[in-house]
Every structure is written in structure tokens, then in C-alpha cells.
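Below, in C-alpha cells: the form predicted on its own, a single chain.
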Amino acid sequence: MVQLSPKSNKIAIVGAGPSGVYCALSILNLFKKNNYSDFFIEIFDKDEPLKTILKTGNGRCNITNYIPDIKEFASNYPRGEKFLYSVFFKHFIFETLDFFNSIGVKTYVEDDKRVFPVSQSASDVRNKMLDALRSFKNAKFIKKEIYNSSELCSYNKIIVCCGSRNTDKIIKGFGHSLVDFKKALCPLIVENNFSLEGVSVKSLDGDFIFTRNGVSGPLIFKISSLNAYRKFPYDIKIKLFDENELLELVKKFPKKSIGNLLCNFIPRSLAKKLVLEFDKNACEIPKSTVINYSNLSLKVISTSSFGEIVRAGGVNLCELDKNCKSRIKDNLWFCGEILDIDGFCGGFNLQNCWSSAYCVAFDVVSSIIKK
């Protein structure tokens, strides 16, 4: 055990998820850089450390997204966009990738700009982060759930980063107000999914798939995120294809059935559900009707209980300064998904974890070294 002076700085981190472990590692590295050792970090969590990272990126861990411009990157957050400007200015994708490279996690960028480890393994990312943490003697994990600040009265600095699952009481227990949590990035249940379970569609708006009672996939996750606080039911319209391309085919092949022409753009099973007169000659269908085939209208009646990736809501950002420090209580910080910040699919939510964690770490270390 590290020998500490009676006035040592004891730092509590509540939550051993991506933001909690990244924050701990950032604090340790910053203190090491400043040749400072009179501190100790204890990380509290009821579960195993970094357990939640194993499911990210379908088990591959989508570390971030390679969009170099901060404002363009931040535009992928329906909530928290402007707050993240200053956070990303302190620690962005380049610093994140440098960090992972330093602990042995090599990365690559896919065509859609998503960044993954070369190992294609979230487990590998987890192990490398934990190995890096174990290389320090000034930090340890404690398997315990924390509910409020009174349980941590012996600590000089407290960092809360326990995610968005079942953390309502924790946020309030630390004296902060809560922006109600809502499901985001999740499948949607619709009034009529045409009994097309398993049928996938590549639309102009994005890819999606029909499920047993609704729709799912990247486009649907984005729609659910944008409408997280919208009341049910509500209508959505998906642009399936460019109607002008279908009109051109009608001109070129007027005697072909409208249904067969439509199959050039969407799956036959969906075309048969959308076109009542599937076998009718295309030239016999009114132009306005042909144009309407390019749009799919659905009535959303609820979110699905399966497949939820993140939640909207969390700690009210108005109660934090630009370093994610509490304006209400001294020596208290928040970071990661417990903040009222959520992004689309593609590595954006993990980047919030990395960046806000470093931002907090830097502020915590600065507050101690400046004393």
C-alpha cells in the first residue's frame, strides 16, 4: 500500500464504466507528469469494472468517430451540443486516439468514419485499460454502490460518473436536479409494420429493418433519439428513394407493372405491401400516386423495451461549469453518460465519456496542485 501523509488527497470516483476508468487513468497520468504522488483514488461500483464497454459497437467497441471539426462532431448530439464545445477543446478525438495507442490499443477508421480497435474486440480495450490502471499503485476498485455524498465525507474530491441506468436517486442524492431520463437510440414500435419481420431497407434517409412489432436499425435509432421527449403517438416519414428515378422508369417502361418497377428501389415484400395494384401497368398509375410510393409513413406508438443503447437525460448542465464541476457543491464533478448529453450511433457517446472524463481529471488535478 502507498504511504500517504495525513493530509493526502483522497479522490472518490463513483462508477467504474468507461468515463470512470478513463478519468482515473487521466488523473494518474497527469499527476505522474507533475511528479506528484500524495494522493489516492478509490473507484466505487457494484459491478465489475468496464463491464458496460463489452457491448459497445456490437462487441467491437466503436471508440470514436473520425470527424476532425469540433462543431461538426458536436452536431451529432441532440442534447449537450454547445456544452461539449469547451469540453472537446480540452480533449478531442486526437488526444483520445493518442491515449489508446499509448496503452496498446491500435485503431483504424472505417469508411463511414467510425473508429474501432484493430483487434475488433471490446474485451481487448477493456483489458488494456484495466492493465494500465493496475500499473499504478495509487488507485483501487471497491465493489460497493454509492447513493449520496454523505457516504464519501472523508474524500477531498468526488467524481460521479455512474452512467444513466438507475442513477436518478444518485443524482438527487448529490444535491443536483435531474433532467428526466428517456429512452434514446432504441427500436420503435409502430401501429402497422406490415408483417415484414426481418426485411431490411436501404433508404435515402438511412438503413432500417422491420422487427416483429416495429422497426429498428441505424436510421430508427437516430429518429428515436431526436424524438426522445416527444409524446406518443407520433408520425414519421422515411424517404425511401428518389421519386424522379421511378418516374423515369415509368416513362421508359410504361407497360411494365408498377410493382416490378418499384422493386428496383425497395425489397419486393415491402413493395407488395405499399402497392395495392402491384401488377397494374405503370402508365395507368397517376403521377401523384407514383411519387407517394417514395415515402414510407409510420405511426410510432412507443419505444421498444429491447435494444436500448443510451438514454437521454441526466444531470442538468446548467448546474455545472465548463469543467463539469458542480456549481452547487464544492469539490464535486460529473462526467460521462450521467450528464444530460447523448449522441447518435457511431462512437459519439463514448467520445463524450472520454472527453468529459479528461476534462474533469484535468480540473481535479489542477485544483490539487495549485493549493
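So that there is no doubt, residue numbering starts at 1 and follows the sequence shown. Owing to the predicted nature of the structure, the values given are computational and were not obtained by experimental measurement.
Keep in mind that the form predicted in complex with a small molecule is missing from the display, and what follows is about it.
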Checklist outcome for this item: Among 315-323, 334-342, 298-306, 24-32, the stretch whose residues bring a heavy atom within 4.5 Å of the small molecule in the predicted bound form is 334-342
Checklist entry - Is Phe348 one of the residues lying within 4.5 Å of the small molecule in the predicted bound form, judged by heavy atom distances? => result yes
Next on the checklist: Taking the small molecule as it sits in the predicted bound form, is Tyr147 near enough to touch it, meaning that at least one heavy atom pair lies within 4.5 angstroms?
Outcome noted: yes
Checklist entry - Does any heavy atom of Gly214 come within 4.5 Å of a heavy atom of the small molecule in the predicted bound form? => result no
Next on the checklist: Does any part of Phe44 reach within 4.5 Å of the small molecule in the predicted bound form? Heavy atoms only, please.
Outcome noted: yes
Checklist entry - Which listed residue (Ile170, Leu249, Met129, Leu240) meets the criterion of a heavy atom within 4.5 Å of the small molecule in the predicted bound form? => result Ile170
Checklist outcome for this item: Checking Arg268, Arg165, Lys90, Lys140 against the small molecule in the predicted bound form, the residue with a non-hydrogen atom inside 4.5 angstroms turns out to be Arg165
